[in-house]
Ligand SMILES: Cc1cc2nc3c(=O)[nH]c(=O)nc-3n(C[C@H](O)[C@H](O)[C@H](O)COP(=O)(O)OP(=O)(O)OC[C@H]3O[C@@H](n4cnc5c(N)ncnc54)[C@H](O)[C@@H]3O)c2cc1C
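As a starting point, one isolated chain is supplied in C-alpha cells, in the form predicted on its own.
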C-alpha cells in the first residue's frame, strides 16, 4: 500500500561518456528505480520491458473515455523510498498524503443498522496518537479495545530482526494475546489484509509485526495515507519515462529478454529478439518465477526457493453510477464482502456520475468468478453500504484481476526471499519479492531497486548518488 525534497548537491542527470554499462530487465517500480539510480551515478543504462508500458502491476488502461487503474494503490508516510521515487519523477504533488490519518470504517452488520467509526490519529506521541480513536472505536467492545491496546504494546516489543518471527503466523499470535475474532476482523485484518494481502492466520508474524510497528507504532504520522489523484500511468509510465529519458536511459518496451549469459571476459550478454546487449552489470527486476527461468546456473545456492515463494491475488471491482453516491474519498467496510472503496471519478476523467473502485485483497475464492456472479454479489452490498446507490443507475460494471498480484506473506517466506546480490558477479535481483523486509508493496519494490543499484555501483566502483539515499535519512 510510499515526499521528500531533492538534494541541492549537483547530481549527474545524464551519464558520463566512458562510464560502465548496465542492463535492467523489467520496467516495474523496481526496475525503474534501479535504472534511475545507476544512470544518476554515471552508468549507461538500457531498460528492457516486455509490456508496451512501464509501471509493472501498478498501471492504467483506457476503457472508452474512462482511464482506469488496474487496482487501487496507496502508500503511507513511512514509505520513504516510494516518496523519494515520487519526488525523483516529479510526481509528488500528484499523489499527496493526508494531513493526518483518517479512515472511515462503516459496519453494516449491526442490529441497529449502519454504523460509522473512524481510525484517526491525534497530534500526540506514540502510542497516545491513536488512544482517543481506539477508545471511541464503536466496532469493538470496551473490553476488546483494552485488549487491543495490550496486544499493540506487546507487538511494539517484538524484535523484527528475530528470524523466529517469520516461522509463526500472525493469527495464532493474536489469539495468544487475547484478540477476539471480532477484533481481528474489525482492526487487525482491516489493516493487515490491505497491506499484506492475506488474513492474519495466513501471514508471517515477522511481516505483520513489521507492518504494524512501522506504520502504527513508530511515528505519529507514519500511517498517514497517500494515493494518486491522477491515473497511475501518469506517474509510473509517463513521468517515469520522462525521468528515465532525462537521465539518459535507453528504454525499450515490447521487448522480451530470452537469455542472459557471460562471455570469456566476464561481461554479460543479454539476448533480445534481433539484438544482443552487452553490459558490466545486469539487474533482474522481474517476478520471481521469471527470474528463476533467466538465472544462469550457480547464480543462487538454492534457485528452487524462488519457485516456492507463493503468490496471492487481488480483485478490483469497478462500478460507474449515473450520480454521486459517495461523499468521501474512500472508506473501509465491515460486515460485508466489500473491503475498501475509493472514489476514482476525477482521476478517471469521468464527466458525469461517479466511479467507485473496490479493492479486494486475499480473495483466492473469488478471483476467477464470472463478472455476472461478482455483479450479483457486490451491487447489493454497495446498496447496503451506500443508501444513495439504491436509486442510482449502474452505467458500467467491470472487474480487473491480478492473479499473482503479490507474493504470499506466508510463515517461512522470509528464508525464501533472496537479497540483491547473486553469486554471479555483476548480476543482481530486484523486485518487491526480494529480501527488503517489507511485504509486497510499492515501497518494497522501490527499496529493492535501490539495493540492486547500490550493489552494482559498489562493484563498478561508482559513487552513490547522494539524493538516492535521502529516503534512508527520512525513515
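It should be emphasised that the depicted structure is a prediction, and the values quoted were computed from it without experimental measurement. Positions refer to the first chain, counted from 1.
There is another form of this protein, the form predicted together with the named molecule, and it is not shown here; the text below is about that form.
A.B. asks: Look at the candidate spot formed by 28, 290 and 432 and say whether the named molecule comes within 4.5 Å of a heavy atom in all three of them in the predicted bound form.
C.D. replies: Affirmative, all three are within 4.5 Å.
A.B. asks: Of the residues 150, 297, 256, 110, which one places a heavy atom within 4.5 Å of the named molecule in the predicted bound form?
C.D. replies: When the named molecule is considered in the predicted bound form, the option within 4.5 Å is 256.
A.B. asks: Among 68, 427, 413, 440, which has any heavy atom within 4.5 Å of the named molecule in the predicted bound form?
C.D. replies: Contact residue from the list: 440.
A.B. asks: Please name which of the stretches 280 to 288, 83 to 91, 150 to 158, 164 to 172 has residues with heavy atoms lying within 4.5 Å of the named molecule in the predicted bound form.
C.D. replies: Checking each option against the 4.5 Å cut-off leaves 280 to 288.
A.B. asks: In the predicted bound form, is there a heavy atom of the named molecule that lies within 4.5 Å of any heavy atom of residue 45, even though the partner is absent here?
C.D. replies: Residue 45: no, not in contact with the named molecule in the predicted bound form.
A.B. asks: State yes or no: in the predicted bound form, is some non-hydrogen atom of residue 314 no more than 4.5 angstroms from a non-hydrogen atom of the named molecule?
C.D. replies: The answer is yes: residue 314 has a heavy atom within 4.5 Å of the named molecule.
A.B. asks: Give a yes or no for residue 140: in the predicted bound form, does one of its heavy atoms lie within 4.5 Å of a heavy atom belonging to the named molecule?
C.D. replies: Because no heavy atom of residue 140 falls inside 4.5 Å of the named molecule in the predicted bound form, the answer is no.
A.B. asks: Would residue 419 count as touching the named molecule in the predicted bound form under a 4.5 Å heavy atom rule?
C.D. replies: Close contact is absent here: in the predicted bound form, residue 419 is far from the named molecule, nothing within 4.5 Å, heavy atoms only.
A.B. asks: Could you pull out the residues of 212 to 234 that have any heavy atom within 4.5 Å of the named molecule in the predicted bound form?
C.D. replies: The stretch does not touch the partner at all.
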